[in-house]
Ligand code: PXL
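Before any questions on how it binds or moves, here is one chain, the form predicted on its own, in structure tokens.
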């Protein structure tokens, strides 16, 4: 069985980060290993929450894994909340990256043209450097714009604009870059990717829903990594993940009793699992 290490925070209540990565990766019949960077009582969409920083536990944990000879088929990073965490995870990647595994970086920085509250441009610059460690990086347009020092363009862009941004992203050091949330104004939403090794672009578009849905980025990224670990091609893995994420949103919208702190991805898992039989 393949083994994925996912590095991000965990919330006791709220569907995001490790609380979605664990079940989704496991559902694809891949072993899910975790390195929690923080523990929260609830995710930050709630008005009140506790936060316990686990940065000091990263280095001792890595040392134990090295002593035990543990290996991973993929390393997947999500939200990293400090410069120190990025530095420690870079050391981890250096220790465990081989020619036979891959590094998947979801550079969580912001959305809607704005960085998250605790981040600034210097942090985005540090994340751009961190992305050089990745084989595949998956920013949204906000994150890409800040990492590349480009103006954020919410709408009105075309394919050439997206392709140029993707080339710039791979110039940071990763082999493959994929932009999420691409909207050409035709009523669809999708992903566009670029593989610098073959100089090929790929894309996949689907139904666009109104509003924003918390945690869908983590659902999407976890599904991509799981599919890649199950030997799906990169374009196919992104298509599987997009279909799963859209199905999760659709099923949530159908339920009048659905909570507003996370989509009901659990109801979409049977079709996702069927992709790997």
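Residue numbers count along the first chain shown, from 1. We call the rigid core the largest set of C-alpha positions that still match within 1.5 Å between the two forms. Computed from a predicted model, the values in this text were never measured in an experiment.
One more form of this protein should be noted, the form predicted in complex with the ligand, which is absent from this view; the next part is about it.
Consider the chain as shown here, without its partner, and state which of 54, 62, 33, 40 has a heavy atom within 4.5 Å of the ligand in the model of the complex.
Checking each option against the ligand in the model of the complex, the one that comes within 4.5 Å is 40.
Taking 4.5 Å between heavy atoms as the contact cutoff, choose which of 104, 130, 79, 72 touches the ligand in the model of the complex.
So the residue touching the ligand in the model of the complex, by this definition, is 79.
Should residue 25 be classed as touching the ligand in the model of the complex when contacts are defined as heavy atoms within 4.5 Å?
Judged by the heavy-atom cut-off of 4.5 Å, residue 25 is well away from the ligand in the model of the complex.
Would residue 192 sit within 4.5 Å of the ligand in the model of the complex, counting heavy atoms only?
No, no contact at 4.5 Å.
Are any of the heavy atoms in residue 205 no more than 4.5 Å from a heavy atom of the ligand in the model of the complex?
No - in the model of the complex, heavy atoms of residue 205 and the ligand never come within 4.5 Å of each other.
Taking the ligand as it sits in the model of the complex, is residue 21 near enough to touch it, meaning that at least one heavy atom pair lies within 4.5 angstroms?
Residue 21: no, not in contact with the ligand in the model of the complex.
Hey, of 212-220, 237-245, 25-33, 54-62, which bit sits against the ligand in the model of the complex at 4.5 Å between non-hydrogen atoms?
After filtering at 4.5 Å, what remains is 212-220.
Looking at the ligand in the model of the complex, is some heavy atom of each of 16, 45 and 116 within 4.5 Å of it?
All of them do, each having a heavy atom within 4.5 Å of the partner.
Do you see a C-alpha shift of 2 Å or more at residue 50 between this form and the one not shown, with the core held fixed?
After core superposition, the displacement of the residue 50 C-alpha between this form and the one not shown reaches the 2 Å mark, so yes.
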